[in-house]
Each structure stands twice: as structure tokens, then as C-alpha cells.
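Here we start with a single chain on its own, the form predicted alone, put down as C-alpha cells.
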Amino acid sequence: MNVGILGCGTIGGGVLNIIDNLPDSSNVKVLKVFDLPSKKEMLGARFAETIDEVCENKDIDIVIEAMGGDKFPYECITKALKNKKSVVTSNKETVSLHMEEFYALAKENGVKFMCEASVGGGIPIICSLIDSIGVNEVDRIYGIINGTTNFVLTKMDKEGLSMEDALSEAKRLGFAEFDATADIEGLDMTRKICILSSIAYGGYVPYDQIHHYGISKVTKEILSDLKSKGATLKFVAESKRDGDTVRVSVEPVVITPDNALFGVSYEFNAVYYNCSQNDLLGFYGKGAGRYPTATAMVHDVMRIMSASEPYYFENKKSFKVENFLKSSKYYVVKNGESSFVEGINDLSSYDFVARVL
């Protein structure tokens, strides 16, 4: 099976390294890699100057997209699918916006579209969820699905670092991008919970309707105050389905030691979902880093090579999307004083808010 890679940065480079070191019996070979001209010497004969050398190459069976962003990756993915190439991507931004179209194009052209690495790094959450919905109704998903912010909060909580210093450490270790806004403000997790909820509930949960409240206002004083109350703070994505209504949010939450998320620290992720037959299922693993994500993408390549029946997402249901603000208890800080309130109407009334899970 011949593979082409779009983007040879942190993740794409990891994919290339893994495939190059697979045993010959795996029957996987990277033919072409598209990237900036600065990578030409390193890639040698495999360097591709244009995406067409990958997406329209008759000798390539699978295209791996590892660039990030939306507009250009969208163009690449649709071109590859229309040229009857199966696609593997880790790009949660473009998947959250165009998943229905990508799956439809894959089905129309008799190929597969795989995006396991778009949620949870090395955790096999999407494939497990797809397996579960074959025999289960899923009505709740929640978890920590951003390794960068979990690392930052853990460093602040356990080591007393400031937000700035913890984020700098995350960048140094490769857990955070130079511009970590999408992580800190919850955009990354919003895209991920959009993907998981849409697959779980059988209808697209619009990304732009999901409430998100970031952690940029978290301070050492807030974490210390919660610790004195026997609690801690985690950045959590959650969705609950009740008929045609889906409550969904990405926000900091206050949890106590009896919650399964309490001990999930540093770059690790944990995701749970509730099934009608299997009850609660949980998944734990590294959600950030080069090789956890790259490994998930190579696993998708192996799944494409298998004879298993492909999954195609279909947007069969329309949901009313709400948040948890008016129906939950919140920990709030105003003028340096903390308290608990039942329901929130106006976030701007407080300096900081966190839902009590």
C-alpha cells in the first residue's frame, strides 16, 4: 500500500518515521511527501513540490494530511477523495467543519475517510465510539481532551507555576504550539467534542453553537482556594443528549477526588461516554505529543488496509444545542472573593467561573 503525506512537521514527520521503520511485512511505503522547499534536501526523491503530486498520483492509495488549519487542508482532502484516495487526517479543525462532506465524498468514491488522531492523540476513542453505536445509544460524553491545557493546569496546581511559565514549559516540550490560543480558549476542545458528539448522536452538532469558556483567567490563587476546599480544576468538554436537545460545553470545571478525572494529569487525556447497553466506558492515554498522534494516524492506515466495512458518518438528526449555564452549580470569583451559585445568566458579572461537575 503506497502512502503520500501532506505536511512533514511534528506530526507528519512522526508518521514518516514510524512507517519507514515498520517491518517489510506491513506492506506500507511512503512514496511522496509535500512540504515547504526547506524540506527538499531531507526528503530527497520523495519530496513533492505540489499537492497534485500526492493527491493525483496514480501510484498512491492513501493520503495522510498533517498540516493543520482549514482552507488549504480542505482543498487537499477533497481533491484526494475525488481522486479515489483514502484519507487519514489529524486535523480536528477541518473535520469539525466539513465531516459530513468528507464522509460523503469517501462513500461516493468507494474509499475510506479516517480521523482517529483528530481527538485524543493516541487514545482510540473515535473507532471505539463507532463500534459502540452499532449496538448502543450514547447519551453522554465527557472528558479531558486537550493535553496542552491539562499539562498547564497540572503544572500550576502541583508546582505553583504561573500560567505564563506553565505554558512556556508546554511549548518547550512540544505539547503546545507557539500560538496556543486555540488550546487556552477552548477552541481545540470545541472542535473535538463537535466530532465526538456528532458521531455518537447520529447528527451534526454545529461547532459554532458550542459554548466555550477558556482558562486564561485561572490563577494560582484560584487553584489554591479550590485545593483548600478539597477540590481541583480541570478543563473539560461535555455533551449530553436528551431527545432532540444536546447540551454541550467546553469550560473549566471543579471536581473532587471521587471523580474519575481528578487524577488525570499533565499531557494525559481521559474520555468517558455512557451507553445504553455497556453503561460507562472510559479511555485514558497521552493526548499530546508527536508520536501518540502519529501512531494513531498509522493505525488508521492499517485499518484502511483491512477488509473491514468502512464507517460513513451521515447527518440524520437535527438537534437544538444548549449549554449548562442556567442548569448547573458554578464556582465563581468576583473581586477576589469566591462563592458557589446555582445557574448563571451573565458570565461578564464575574471575574472567573467554573462549573461544578
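When you see a residue number, it is the position in the sequence shown, counting from 1. Small disclaimer: the values here were computed from a predicted structure and weren't measured.
There is also a form predicted together with a further copy of the same chain; it is not shown, and the following applies to it.
Residues D131, L281 and Y284 are all found to lie within 4.5 Å of a further copy of the same chain in the predicted complex, as judged by heavy atom distances. Residue contact with a further copy of the same chain in the predicted complex: F262 places a heavy atom within 4.5 Å of it.
Shown alone here, F72 lies farther than 4.5 Å from a further copy of the same chain in the predicted complex, counting heavy atoms only. Proximity of Y213 to a further copy of the same chain in the predicted complex falls outside the 4.5 Å heavy atom cutoff. Not displayed here, a further copy of the same chain is approached by F268 to within 4.5 Å at the level of heavy atoms in the predicted complex. Here the chain stands alone, but in the predicted complex its contact with a further copy of the same chain, taken as any heavy atom within 4.5 Å, falls in 298-306 among 322-330, 46-54, 32-40, 298-306. Of the residues in 137-171, only K158 comes within 4.5 Å of a further copy of the same chain in the predicted complex through at least one heavy atom.
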